[in-house]
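Take a look at this single chain, the form predicted alone, given in structure tokens.
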Amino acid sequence: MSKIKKIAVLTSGGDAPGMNAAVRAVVRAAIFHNLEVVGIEHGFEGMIKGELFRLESKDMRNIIHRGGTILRSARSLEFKTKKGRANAFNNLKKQNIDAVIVIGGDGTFRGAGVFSQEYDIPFIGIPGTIDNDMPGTDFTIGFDTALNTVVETIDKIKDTASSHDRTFFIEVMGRDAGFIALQAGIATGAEAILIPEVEGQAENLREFLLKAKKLKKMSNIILVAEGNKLGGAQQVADQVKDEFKDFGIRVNVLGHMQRGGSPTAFDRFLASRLGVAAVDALIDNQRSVMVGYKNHEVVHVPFNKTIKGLRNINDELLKVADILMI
């Protein structure tokens, strides 16, 4: 039997729609198993500063549909130092906390893994990032909502693009991964998609624009992941605007609007399922693992396998995009 009696939960890194649903699931699952629950505000930074408070089932009312995170989030440089982690450990011990559930991305899991090794405290991770770039899981909390936000926005921009015969370069989030850009591009019928994982895109883009010019097709959507090797949407547009002056080129950077908003039904479902699974993992004496979602089943993935590299883009999706952009 597990000796865990009291756990803490925090959200760290960039916020993602569905984090509140995950917190709710963790708290209620813990209470179901007769565990006490403490919330930590502002992620690891709050752990260092002692921003800990008790959570009860009633505190979880009416948060499943809210975007952002009620626990708030922050990035902590101090947590990367041994002194910072020592202060965090002391605050956990003052509260008699036996284990911690962290909701975030690879940086969150990296910090949790180091801390767990140093102080022998079990950590379980729940993947929460709109980029959907975590190895070991098909989906991360927040991706589906962000994707739907992007699709809805592009649909609106397309109305203007077609009305005025303009080509829009639209930048979406994806510093190291192109999952949002690729799937949103397929879903909206974008004419070109630029993502970090694909080489030789400069020439491909120019060939597309030359072909569009020959066909007098001036209304186009070019979707650009922010981490694309050619640069962001503005940089890419600047590289071609002189050669293709007739296209009426415009640039839109969607920015942080992709992180906000009420989570979709799928993100609420995913967050709820993974929150319960995280508590179950602690009760089963697991540690330093992420609870992920593969082939519609919950899986347990060691932290070191989630932080060693990026999740690969599905080649079939790239093929689909290429076929549909003819």
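It should be emphasised that the depicted structure is a prediction, and the values quoted were computed from it without experimental measurement. Residue indices: 1-based, along the sequence shown.
Missing here is the form predicted together with a small molecule; even so, the following discussion is about that form.
Comment: the small molecule is not present in this chain, but in the predicted complex one of Arg72, Lys158, Arg85, Arg166 has a heavy atom within 4.5 Å of it, namely Arg85. The single contact residue among Glu191, Asp106, Glu171, Asp144, judged by any heavy atom lying within 4.5 Å of the small molecule in the predicted complex, is Asp106.
From the list 178-186, 192-200, 123-131, 246-254, the contact stretch for the small molecule in the predicted complex under a 4.5 Å heavy atom rule is 123-131.
Shown alone here, Gly14 lies within 4.5 Å of the small molecule in the predicted complex, counting heavy atoms only. Proximity of Lys229 to the small molecule in the predicted complex: non-hydrogen atoms within 4.5 Å are absent; the residue sits far from the partner. Mapping the unseen interface onto this chain, Asn91 falls outside it, with no heavy atom inside 4.5 Å of the small molecule in the predicted complex. At a distance threshold of 4.5 angstroms between non-hydrogen atoms, Val240 is out of contact with the small molecule in the predicted complex.
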